[in-house]
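Coming up, as structure tokens: structure 1 and structure 2, two forms of one and the same protein chain.
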Structure 1
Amino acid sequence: MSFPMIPELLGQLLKKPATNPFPAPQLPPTITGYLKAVGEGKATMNPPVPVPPNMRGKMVYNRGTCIGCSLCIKVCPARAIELVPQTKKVRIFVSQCINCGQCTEVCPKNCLNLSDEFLIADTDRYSDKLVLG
């Protein structure tokens, strides 16, 4: 009988867990209560694993420099960008965005960029945070 996993398992007893306990080491009684306490500064949050450079995070839109050329709309695979004809600017629906970053490369004015923000969950897909422009 051969069980090469046993020494590995015994060694594991002395090691820390491989996962990062984010946002808290133990499940808090209420998540919303915990997040509120973090916001008020009463509790501390275990930080997430640092993101690598050039990670594809949430979109950033610089409305001022946008010229409304619609090139980003043409290449967006998720159809997450629409043109607002009155203002000749675009509107980006982050909840629909797949973070491929194709629009950031095609933009002639560099007004679209990917940030390293990744905690973008929301209960309303049309909230101010998730609709840019």
Structure 2
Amino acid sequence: MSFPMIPELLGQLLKKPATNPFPAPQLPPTITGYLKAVGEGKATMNPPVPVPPNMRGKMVYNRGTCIGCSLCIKVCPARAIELVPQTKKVRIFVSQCINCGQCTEVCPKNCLNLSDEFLIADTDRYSDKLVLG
């Protein structure tokens, strides 16, 4: 019997993780106590892993340069962009966006860009930071 996944498994066990480690070396009893100790210089935090170059993060929309051509709406596979008829501008639902970048490539005015910001969690999918436009 052959197990082709054994070399892959051993290789993954020996690689350094690519994700951010928990800020504390060990789980503290309370997060607030830990943050207070960090503020007082009694504890240290693990530094975050730097964002890779050309990362496709949260959408950035420059409403002032948008001409309302609607090309971005036509190419968006996630249907995360809609036209606001009164203003002839677009509204982008960041929580629905899959960060494919097709809208940024088709935009004639370059008013759509993907930033390196990726911490966009929120309890309300329609909050101001998750709806652009």
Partner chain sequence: MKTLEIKKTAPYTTQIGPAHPALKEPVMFTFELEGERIRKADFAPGKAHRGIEWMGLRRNCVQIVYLAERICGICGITHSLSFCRAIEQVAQIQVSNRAHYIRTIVGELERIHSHLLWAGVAAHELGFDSAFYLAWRVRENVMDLLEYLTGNRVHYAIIQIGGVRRDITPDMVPKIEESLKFFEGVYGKLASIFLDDTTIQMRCRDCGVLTPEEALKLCPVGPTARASGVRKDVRVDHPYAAYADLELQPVTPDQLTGEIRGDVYDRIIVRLLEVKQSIGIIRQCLAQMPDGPILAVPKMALLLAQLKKAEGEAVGRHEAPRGEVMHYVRMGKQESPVAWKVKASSYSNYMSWVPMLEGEQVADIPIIVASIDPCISCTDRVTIVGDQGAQVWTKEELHRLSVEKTRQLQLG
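Whichever C-alpha set is largest while still superposing within 1.5 Å between the two forms counts as the rigid core. Keep in mind that this is a model prediction, so the values were computed, not measured. By convention here, residues take numbers in order along the sequence of structure 1, the first being 1.
Q: Could you point me to the form predicted in complex with the partner chain, 1 or 2?
A: Structure 1.
Q: Would you say Gly41 moves between the two structures, meaning its CA shifts by 2 Å or more once the core is fitted?
A: True for Gly41: a C-alpha shift of 2 Å or more.
Q: Align on the rigid core first; then say whether the Cα of Ala121 has moved by at least 2 Å between the two structures.
A: Comparing the forms between the two structures, which are aligned on their rigid core, Ala121 does not shift its C-alpha by 2 Å or more.
Q: Under a superposition restricted to the rigid core, does Asn110 display a Cα displacement of 2 angstroms or more between the two structures?
A: Not so; Asn110 is displaced by less than 2 Å.
Q: What is the Cα shift of Asn20 between the two structures once the core is superposed, in angstrom?
A: The shift comes out to 3.6 Å.
Q: Hey, core superposed, how many Å does Gly11 shift at the CA between the two structures?
A: It moves 14.5 Å at the C-alpha.
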